[in-house]
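Starting off, we have a lone chain in the form predicted alone, written out as structure tokens.
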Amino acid sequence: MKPIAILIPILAAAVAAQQVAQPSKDACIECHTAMDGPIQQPALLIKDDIHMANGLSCADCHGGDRTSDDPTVAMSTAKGFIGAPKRTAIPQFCARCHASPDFMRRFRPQQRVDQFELYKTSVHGKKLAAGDENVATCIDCHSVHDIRAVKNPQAPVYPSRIPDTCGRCHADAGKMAKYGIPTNQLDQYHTSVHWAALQKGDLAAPNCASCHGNHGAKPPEVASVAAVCGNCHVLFAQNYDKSVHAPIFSAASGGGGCIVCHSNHGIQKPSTAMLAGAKAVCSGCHEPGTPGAKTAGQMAQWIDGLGDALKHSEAVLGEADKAGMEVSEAQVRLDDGRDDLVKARLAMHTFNPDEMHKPIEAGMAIADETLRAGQQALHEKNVRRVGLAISVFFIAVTVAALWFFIRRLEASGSGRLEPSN
């Protein structure tokens, strides 16, 4: 097929899309743009709306005739005008399109169409159905007239913006008072490792929706907390399930799984300070001197010991590498030791010292091996320097001797008598 024949259908489709995206006349926008105050805002905001970008405008949601300049015709009920929906009707109002596979296929074939059904199962949806108009609906999370694509960084539901979007309600003491819900979750989350990762651009880091869900949002129950955390922390969850703590902190026992040690919203970077020391989490259950406290202290000592040994070896190898010595093999080997440290931290969740000691032992062997390689390289560097110094000394002596010899030759030559004619 000739190139021009290939381009014709593509150009035709582009023209058709342009015609859909830009209706010939939109009296709604024209009229409201000319107004002042709040009634003008929708016409200004909709210019950045994803619906507008797909050829949908005011009348597609509110009804009416957008081709007429006559307000009585444009907003005629005979033309299907419904105006602003009641707050309690908003989810179903949005679902007229978003729950229709046939309609959504025209714009976003891959987009899910079960959001409304999920919303009805959520805490928000159930309370709204019971007549509570204060709960979140579609517009509280997605905005109203300037709705943006989820992948748009300006969207309120973009991953890095979700915590603050949820916080608009859940950090508001006035709104949460009637529900008895604490309002410190957002502040706690802002101190967490998850928020720190999100701020660094890791959009896969957990936000509110990752744990609570989005359209079907509800608090994780005690029975599901470990499963929620285990969606990301799979190996940790598997080890925890084998531990002595799993049945103790199970739902049947009224426990809280992972959050007993790690908390929920304000999850901090794990460290051995959680095992032993003044702020040890273990001390909340295990009194000092008890077998549990001693085991926790031993595990902390192992992890810190291996971590320090690897750092010491890394420093020695780094010094040798900086001096120009060949230690690349040992540096690569050191990565295996770091892997063992990770495995030890992972195995710690079994709370079985024997399981944890295996990677600790392997890691310490690597730390010793690489340390010796670094020390040997530094020793070789020193030997080379001594040899170089000796060589330079003899070269200097030789040069000096040659210099004196040449001077003597020059002196003896200048004292000879020239022969007479």
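All residue numbers refer to positions in the sequence shown, first residue = 1. None of the values given here were measured: they were computed from a predicted structure.
Note that the form predicted in complex with ligand HEC isn't included here; everything after this is about it.
With a 4.5 Å cutoff on heavy atoms, residue 38 counts as touching ligand HEC in the predicted bound form. Although the partner is absent here, residue 174 lies well away from ligand HEC in the predicted bound form, with no heavy atom inside 4.5 Å.
Proximity of residue 112 to ligand HEC in the predicted bound form: non-hydrogen atoms within 4.5 Å are present. Residue contact with ligand HEC in the predicted bound form: residue 206 places a heavy atom within 4.5 Å of it. Using a 4.5 Å cut-off to ligand HEC in the predicted bound form, each of 97, 215 and 269 places a heavy atom inside that distance. Of the listed positions (347, 258, 317, 334), a single one reaches within 4.5 angstroms of ligand HEC by any non-hydrogen atom in the predicted bound form, namely 258. For the stretch 165 to 186, the set of residues having any non-hydrogen atom within 4.5 angstroms of ligand HEC in the predicted bound form comprises 165, 166, 169, 170, 176, 179, 181, 182, 185, 186, in sequence order.
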